[in-house]
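Here you get one chain, nothing else, as structure tokens; it is the form predicted alone.
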Amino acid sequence: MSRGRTSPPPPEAPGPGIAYASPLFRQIERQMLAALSRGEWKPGSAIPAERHLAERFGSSIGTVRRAIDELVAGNILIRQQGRGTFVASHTRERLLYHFFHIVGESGAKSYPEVEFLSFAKARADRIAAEKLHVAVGDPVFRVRNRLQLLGAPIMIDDITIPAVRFAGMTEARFRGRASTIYNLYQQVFGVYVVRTSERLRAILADADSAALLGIASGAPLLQIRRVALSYNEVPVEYRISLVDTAHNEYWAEIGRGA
């Protein structure tokens, strides 16, 4: 046996359930998201100066700035040169350029005309419960809209939202909103949609959707299944959209902030 010096054994990899601590800026980012979720900083309002946040979180200004950079990249906060950093708010322009992906054949963006069709109280079915992280049978609100571009019907939206997050929602409140649906969520219920997750498939129009879109039954449609997520990836809306793509297209720029 060799009497020479042996090398120390390599360090053990962390076992199941053991994780390295996340970087400090990520911890601050999560704490800022928690503050936003509590409504500590309102939509459109300025957040505290970086030096005050550094004191609050016990970190350097550079670390706070990096956390803010992440929230700006996610379109949760907005920097305004010479004014400060503000909580983003939902507007018609934000909807058009970040959440509405249907364009005409020319590719030009235009704001859709939204026609209200129905509002109802219901119970979550299995799919809605899974998407919204509620129990089957929990109360939900269901809304149906028809959207038009340049005077032609092009889309049907079936929207499901959990009553637990939208207590006090009524048909009158929904129909009488001053701006977009996501603006209503934010301004009235404190629910801010940070991003959406979408899945697309081709289907055939049934008699109901065909009549609403003015197309033949059995015509091809694009089905978009969207889950809207708020702070900390909390699902707040499940939406199924049916799109007539005979003269329209789904358009999104991959890699661009939502």
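Each residue number is its position in the shown sequence, starting from 1. Keep in mind the model is a prediction, meaning the values are calculated, not measured.
Keep in mind that the form predicted in complex with another copy of the chain is missing from the display, and what follows is about it.
With the partner left out here, another copy of the chain still marks one of 98-106, 143-151, 173-181, 120-128 in the predicted complex; by a 4.5 Å heavy atom cut-off that stretch is 98-106. Shown alone here, Val234 lies farther than 4.5 Å from another copy of the chain in the predicted complex, counting heavy atoms only. Interface residue remark: Thr196 is counted as part of the site for another copy of the chain in the predicted complex, having a heavy atom within 4.5 Å. Shown alone here, Leu221 lies within 4.5 Å of another copy of the chain in the predicted complex, counting heavy atoms only.
Taking non-hydrogen atoms only, Leu204 approaches another copy of the chain to within 4.5 angstroms in the predicted complex. In summary, among the residues Leu200, Ile61, Ala34, Ala211, the only one with a non-hydrogen atom within 4.5 Å of another copy of the chain in the predicted complex is Leu200. This chain is drawn without another copy of the chain; in the predicted complex, the residue among Arg30, Arg225, Arg38, Arg56 with a heavy atom within 4.5 Å of it is Arg225.
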